[in-house]
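Okay, here we've got a single chain as structure tokens, the form predicted alone, with questions on binding and movement later.
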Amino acid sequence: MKGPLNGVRVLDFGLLTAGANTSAMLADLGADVIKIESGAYIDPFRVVGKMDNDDGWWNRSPPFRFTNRNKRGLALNLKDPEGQRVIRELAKQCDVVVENFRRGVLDRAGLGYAALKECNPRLVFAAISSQGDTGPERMNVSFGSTLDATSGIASITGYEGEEPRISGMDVNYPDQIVSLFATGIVITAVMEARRSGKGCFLDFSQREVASFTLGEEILAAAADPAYRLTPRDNGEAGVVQQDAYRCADGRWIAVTLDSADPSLDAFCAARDSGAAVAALLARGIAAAPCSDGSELLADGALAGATLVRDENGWLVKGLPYRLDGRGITIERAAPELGQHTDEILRELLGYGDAELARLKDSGVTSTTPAIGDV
């Protein structure tokens, strides 16, 4: 694959969104990302997105395809000593490790940063976890919903007088933003490792990243101990009038005003959304339609930035930025479980038919999920 990260190789233990989307964006930029799974443990997104019970169902999950485009798939059982040995050999050929297992999982398998650093001092090891690698809550399991809550985001999301709102499984907002932060920091760390010859351990706490986005709220609480984060509707401090308004065609538009206009409700209700937005913009008023998913897909200005289609016609995530005016390029669809196992082990470790057959026969490179995992 071509791109700014061409020549960078990533061992990807990332699961669901936080880890897997970090490595996916590295792949989008041209890195050779090797997705590690096996029949003994598959990415939970393969199960969450289960579409049917037919053979190979684990390769047809939409959420898995969203966050694993442009990767190669390698099946290795991390609980098997032989699988662990192969990982250590692969680490010598890689620049980055991305993982978001519960703390201690890779250490117990002899595949944590300390062990892999011995194999490759240049390795950048990105550990993305709920609460970080240290501290009393480091072993907590979390999802986007619990991170919405513990970070403080949920407390200001919603309408005045109502309960706090979480972004939910369809969004998992903290997972999305940590992958943006992590991607940028990983790239910076790789640049430094190539300059200095020394890698590093990157400790990402999803909770801390999410709380970082509420800096002004935390400052307000620091200045006034009585300050409480509460849902704030669509309004904003210092803005006279800001809300969403329903138009005659049933669509909503968002409007921000410098001075109050009590007739705005009626103005919007009497016009289709397009006409209302055009009229408000002509008066110098900030206004925009509230687009749904299908409308974003149809917006040519966002090509490659929202969702795009892979080589099989399936929708996958786009990039949140452009390079030389271009969005994401899908070089390969998300891999089937272990799809590139033989290819990778031949290419990087020089394995022949006999060694590949031995690993397969022993179950180390199994590509069929164990019954207990589904």
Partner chain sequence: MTGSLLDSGEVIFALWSATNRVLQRRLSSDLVCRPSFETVATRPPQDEDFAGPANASAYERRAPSGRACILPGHAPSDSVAASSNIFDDRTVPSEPLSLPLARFTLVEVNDRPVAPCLRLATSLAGKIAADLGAAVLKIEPPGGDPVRRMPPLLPTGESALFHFLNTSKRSVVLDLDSESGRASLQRLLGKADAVLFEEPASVASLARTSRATPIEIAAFPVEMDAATRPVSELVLQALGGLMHMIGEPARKPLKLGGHQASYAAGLTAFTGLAAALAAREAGQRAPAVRVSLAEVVQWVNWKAASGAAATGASPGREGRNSEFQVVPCRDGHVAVVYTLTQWPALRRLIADPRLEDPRFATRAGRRQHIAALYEILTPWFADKSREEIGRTAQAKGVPFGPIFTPAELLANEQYLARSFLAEVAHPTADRLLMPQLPVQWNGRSFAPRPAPSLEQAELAA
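Residue numbers count along the first chain shown, from 1. Being a predicted model, the structure only gives us computed values, none of them experimental. We call the rigid core the largest set of C-alpha positions that still match within 1.5 Å between the two forms.
Quick note: we don't show the form predicted together with the partner chain, though the next part is all about it.
- With the partner omitted here, the residue from Ala279, Ala109, Cys119, Leu229 that has a non-hydrogen atom within 4.5 angstroms of the partner chain in the model of the complex is Leu229.
- Annotated contacts: Thr157, Asn234 and Ala244 all touch the partner chain in the model of the complex [non-hydrogen atom within 4.5 angstroms].
- Remark: Trp58 does not count among the residues lining the partner chain in the model of the complex, judged by a heavy atom distance of 4.5 Å or less.
- At least one heavy atom of Ala286 is located within 4.5 Å of the partner chain in the model of the complex.
- Although the partner is absent from this view, Thr67 contacts the partner chain in the model of the complex, with a non-hydrogen atom inside 4.5 angstroms.
- Among heavy atoms of Ile330, none comes within 4.5 Å of the partner chain in the model of the complex.
- The stretch that touches the partner chain in the model of the complex, counting heavy atoms within 4.5 Å, is 211-219, out of 85-93, 72-80, 267-275, 211-219.
- Residues Val141, Ser142, Phe143, Ser145, Thr146, Ala149, Thr150, Ser151, Gly152, Ile153, Ala154, Ser155, Ile156, Thr157, Gly158, Tyr159 of 141-159 are found to place at least one heavy atom within 4.5 Å of the partner chain in the model of the complex.
- Taking 2 Å as the criterion, Pro136 does not count as shifted between this form and the one not shown: its C-alpha moves by less than this amount when the rigid core is aligned.
- In the core-superposed comparison between this form and the one not shown, Arg228 has its Cα shifted by at least 2 Å.
- With the core held fixed, the Cα of Glu295 is displaced between this form and the one not shown by 2 Å or more.
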